[in-house]
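Let's start with one chain on its own, the form predicted alone, as structure tokens.
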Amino acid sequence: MKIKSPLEVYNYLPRTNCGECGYDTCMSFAAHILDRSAKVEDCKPLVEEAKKDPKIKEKLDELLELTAPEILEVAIGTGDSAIKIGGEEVLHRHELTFFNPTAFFYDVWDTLDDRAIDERCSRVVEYRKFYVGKFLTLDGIAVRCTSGDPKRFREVVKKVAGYGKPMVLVSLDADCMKAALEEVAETRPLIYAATEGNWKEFLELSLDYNVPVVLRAKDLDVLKSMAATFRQAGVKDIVLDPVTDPLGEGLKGTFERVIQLRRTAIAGEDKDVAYPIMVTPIAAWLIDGDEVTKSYWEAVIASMFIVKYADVMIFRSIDQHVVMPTITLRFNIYTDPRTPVQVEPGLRPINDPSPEDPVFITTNFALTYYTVESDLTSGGIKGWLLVLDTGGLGVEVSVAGGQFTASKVKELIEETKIAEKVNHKILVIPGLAARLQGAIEDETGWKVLVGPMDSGRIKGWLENNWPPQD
């Protein structure tokens, strides 16, 4: 965004505090526009007045321009399944955050038989990995034309479209691409790719079918020139591919081109390159070696450019040793560093506990909570788990920082009414909170047992300590 102060945004708003945007005041709304939890278009009075008054329309357009992210946001697909890429504002996530996670597409090719296509598509659609309270999934399918046959490519694209995932259509042949778009243009696939040799045909396809397009060139001057041409012709949704080359020049050249594109765009120096960037880890399959070696390099390439600064990728391997580390890294990089990952505080019954079963306590830092919850559940331990609001901090940090205190434990016990659910007053605290044992006993009137440092040892600890001996 080109403006950083809520007051600057506020000066463009009606300043009536009508509340139609969902916020109490225009100033509050302005602050939410800056952190991107609200949109300018949510100001209904401003939008309605802009329809009647050209001066207000000019004012609205100026505000939209000033609050737009430096990198254009592009949608692939339609409706709830659409994937947004780009839309970034900073080079380093600690400066603000990264907003739209790198989109992962996994390829099928039209020389595969239908059974193999179904198998690969199903694996992409069904993949789910539970991590820190969320299910991590894969984004879409890239359909590659290797047959050179427009009819076959069209058939395969239609088949893949039935899986309901966003698609990237991969072919340098305009006839093949047109045949596919005639079938699935309404799903708004990303078409890949316009090059120096076919850009005129792909420009027409992008305009005729209103779909986003990838521009591909290793020479950044050529890439910029194509982008300017497409933009001036009326193509709004553009993605840049500076060519992933793990062979001739190695990854160093690719890395330098990606960095240069992103830095230039974020600095606002050149609108012609202010677009999302595509990197293709699938290029690793050009490297000599067996499939394990190729897939290893695919994961390496993906990991490099998830951090800097790929917005969309195409993969070949859907094996766990490639998918798991890359989607986990993506989740971590695109988690807002300003806000700890946390769960709702409260009470969680584990494994259908009875009134005789123990009461444990932990913090609402998501990684801590899900580790403890998993250890209890998988260990077959019946119990009650109190989750204390520490602002998303772990046990040791929150004890040291004053977020995990005896008084807050007392409040949690009272709010959850745990005393009404059990026939004892015994609380098991984490070993890292041992120093609070006496204070919690004095504050709550409960007997406090100090559990192990590691929740994975709770089962063995209970065998020796529960039920407690008087």
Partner chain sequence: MVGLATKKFTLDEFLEILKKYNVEELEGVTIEGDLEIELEGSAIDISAFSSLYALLSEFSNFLYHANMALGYMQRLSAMLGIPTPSIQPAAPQVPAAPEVPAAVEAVPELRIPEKLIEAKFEPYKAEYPASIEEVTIGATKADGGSRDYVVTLGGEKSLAFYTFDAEQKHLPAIAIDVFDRKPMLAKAVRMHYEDVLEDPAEWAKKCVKKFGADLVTLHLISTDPLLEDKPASEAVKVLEDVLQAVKCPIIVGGSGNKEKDPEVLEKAAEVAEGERIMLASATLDMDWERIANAAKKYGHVVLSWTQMDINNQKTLNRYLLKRVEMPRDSIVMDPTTAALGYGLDYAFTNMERIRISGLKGDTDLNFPISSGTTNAWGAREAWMIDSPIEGDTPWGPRELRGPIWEIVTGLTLSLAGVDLFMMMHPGAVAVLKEVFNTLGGRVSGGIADPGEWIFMEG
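A quick note: this is a predicted structure, and the numbers were derived from the prediction, not measured. Residue numbers count along the first chain shown, from 1. Just so we're on the same page, rigid core means the largest C-alpha set that superposes within 1.5 Å between forms.
Just so it is clear, the following notes concern the form predicted in complex with its partner chain, a form of the same protein that is not shown.
Undergrad: Select from the listed residues Ala179, Ala185, Leu96, Val243 the one whose heavy atoms reach within 4.5 Å of its partner chain in the predicted bound form.
TA: The residue from Ala179, Ala185, Leu96, Val243 that makes the contact is Val243.
Undergrad: If the cut-off is 4.5 angstroms on heavy atoms, which of these, Glu356, Glu344, Glu256, Glu119, is the one near its partner chain in the predicted bound form?
TA: So the residue touching its partner chain in the predicted bound form, by this definition, is Glu256.
Undergrad: Quick one: which of 382-390, 190-198, 78-86, 348-356 gets within 4.5 Å of its partner chain in the predicted bound form, going by heavy atoms?
TA: Answer to the contact question: 190-198.
Undergrad: Would you say all of Leu220, Ser225 and Asp454 touch its partner chain in the predicted bound form, counting a heavy atom within 4.5 Å as a touch?
TA: Result yes, every residue of the spot touches its partner chain.
Undergrad: Although the partner isn't part of this model, could you tell me whether Val157 comes within 4.5 Å of its partner chain in the predicted bound form, counting any heavy atom of the residue?
TA: Although its partner chain is absent here, Val157 would stay clear of it in the predicted bound form, with no heavy atoms inside 4.5 Å.
Undergrad: Considering only heavy atoms, tell me if Gly162 and its partner chain come within 4.5 Å of each other in the predicted bound form.
TA: Although its partner chain is absent here, Gly162 would stay clear of it in the predicted bound form, with no heavy atoms inside 4.5 Å.
Undergrad: Taking 4.5 angstroms as the cut-off for heavy atoms, does Lys308 touch its partner chain in the predicted bound form?
TA: Yes.
Undergrad: Contact with its partner chain in the predicted bound form for Asp375, defined as at least one heavy atom pair within 4.5 Å: yes or no?
TA: Yes, Asp375 sits close enough to its partner chain in the predicted bound form that at least one of its heavy atoms falls within 4.5 Å.
Undergrad: Mind listing which residues of 100-131 have a heavy atom within 4.5 Å of its partner chain in the predicted bound form?
TA: Going through 100-131 in order - heavy atoms within 4.5 Å of its partner chain in the predicted bound form - the hits are Trp109, Thr111, Glu126, Tyr127, Arg128, Lys129, Phe130, Tyr131.
Undergrad: Superposing on the rigid core, does the Cα of Gln403 end up 2 Å or more away between this form and the one not shown?
TA: Superposed on the core, Gln403 moves its C-alpha 2 Å or more between this form and the one not shown.
Undergrad: After core superposition, I'd like to know whether Asp149 moves between this form and the one not shown (criterion: C-alpha shift of 2 angstroms or more).
TA: No.
Undergrad: C-alpha of Ala433: shift of 2 angstroms or more between this form and the one not shown, rigid core aligned?
TA: Yes; that C-alpha moves by at least 2 Å between this form and the one not shown.
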